[in-house]
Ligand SMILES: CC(C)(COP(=O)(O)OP(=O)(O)OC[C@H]1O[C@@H](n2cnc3c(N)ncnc32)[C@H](O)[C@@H]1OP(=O)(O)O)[C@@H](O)C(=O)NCCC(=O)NCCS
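In the block that follows, a single chain appears as structure tokens, in the form predicted on its own.
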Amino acid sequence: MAIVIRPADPAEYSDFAQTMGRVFAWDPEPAGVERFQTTWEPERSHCAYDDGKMVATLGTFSLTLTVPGGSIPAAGTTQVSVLPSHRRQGLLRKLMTAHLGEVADRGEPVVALWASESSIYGRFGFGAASVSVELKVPTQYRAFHRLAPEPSPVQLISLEEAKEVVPPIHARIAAAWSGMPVRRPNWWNARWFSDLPSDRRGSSALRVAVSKAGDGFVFYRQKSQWSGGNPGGELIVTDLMAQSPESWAGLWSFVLSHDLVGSVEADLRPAEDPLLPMLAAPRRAAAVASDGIWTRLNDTAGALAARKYAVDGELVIESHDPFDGSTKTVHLEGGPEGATCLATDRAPDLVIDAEDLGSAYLGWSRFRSLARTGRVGGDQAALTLADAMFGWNPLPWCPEVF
């Protein structure tokens, strides 16, 4: 029987979760399934069925994503799984074809995802658009540099209090960073304020603290560990962000100063986390960088026109899409006040793969670096201008996997 691709029915969520679980090595539990259903959009899912049985899944989140100078509607590609029995049969391409077609029909110019494997999504025109850093800091080296700001005082609040206090703080901070999904109420409740026992993995319940200046917060857990009668616990930061230097310092000082803790660990940190230059001995902090959010410009002209640029300039860009083999040439005129971008038949200043154009979209600009590897074509003047235009400060950051 032929493979059928269609959206999942809302009543099929158990099958959807079971299929994902078999691929990602987890067993769905009732409470977790119920929670996840609050953000699931079955009408935007695409699933493969073999003889009536679900064998592959792809989901979509309807996002608002921050970009340099503003925010845009975007599709969040998620929940991608293919059962081991059906690998290497072209199912992912079939699912992606249906998915990207639906995104185009809805007029969402950008598609974003987190890649479970970094070798998969470039061929679909997605590029790694941010850096994500995993930090581990031994608390014995928590002393701050002599030029670090005076830490702002911090106070602990309950999870119930956090539901009122934290979202407005996050909204103000997120507006300054490209790459952040805007957190809607159901997103907050399911992904941040929910605290199931299975979330803890041997650690404590979720703790929340805020800067008394009102411009920063931290979510974290503690894990008790003892060896030879001595404490060596871990503190796991799940989210920490601030607006002012004093609040960055205050929140990091707070988590590093807990008693009975030997190290503080934090994943999904920005490429330029303020913590490292604040530490007196930053070399003692282990920092491991990886790719973060990936983006694809599903509507090249529309996406490029939807963001702002660091300097004024114009470029003709020819991009090749490895997904469908198409070539698009656009004339971009942009600057700090906004941009226009239209199809053109002019000779290109830059020739680039859609993967690498997606990689630069959020502000992590590497045109000259990529040109040195042969991945981008153009003269030095055009490459220099592209780096100046597309680059953004701060560098993009997506602090949550979806």
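Computed from a predicted model, the values in this text were never measured in an experiment. Throughout, we count residues from 1 along the sequence that is shown.
Absent from the display: the form predicted together with the named molecule. The rest refers to it.
*Asks:* Among 84-92, 166-174, 181-189, 213-221, which stretch has residues with heavy atoms no more than 4.5 Å from the named molecule in the predicted complex?
*Replies:* Every other range fails; the passing one is 84-92.
*Asks:* Please identify the residue among 114, 323, 193, 141 with any heavy atom within 4.5 Å of the named molecule in the predicted complex.
*Replies:* Comparing distances to the named molecule in the predicted complex, the residue within 4.5 Å is 114.
*Asks:* Using heavy atoms only and a 4.5 Å cut-off, determine which of 124, 254, 309, 294 is in contact with the named molecule in the predicted complex.
*Replies:* Here the answer is residue option 124.
*Asks:* Within 4.5 Å, heavy atoms only: does residue 388 come near the named molecule in the predicted complex?
*Replies:* Although the named molecule is absent here, residue 388 would stay clear of it in the predicted complex, with no heavy atoms inside 4.5 Å.
*Asks:* So, in the predicted complex, is residue 227 in contact with the named molecule at a 4.5 angstroms heavy atom limit?
*Replies:* Taking the distances in the predicted complex, the answer for residue 227 is no, it never comes within 4.5 Å of the named molecule.
*Asks:* Can you check whether residue 235 is within 4.5 Å of the named molecule in the predicted complex, heavy atom basis?
*Replies:* Residue 235: no, not in contact with the named molecule in the predicted complex.
*Asks:* I'd like to know whether residue 289 contacts the named molecule in the predicted complex, with contact meaning heavy atoms within 4.5 angstroms.
*Replies:* Answer no; every heavy atom of residue 289 is more than 4.5 Å from the named molecule in the predicted complex.
*Asks:* Across 6-41, which residues bring a heavy atom to within 4.5 Å of the named molecule in the predicted complex?
*Replies:* Residues within 4.5 Å: 23, 24.
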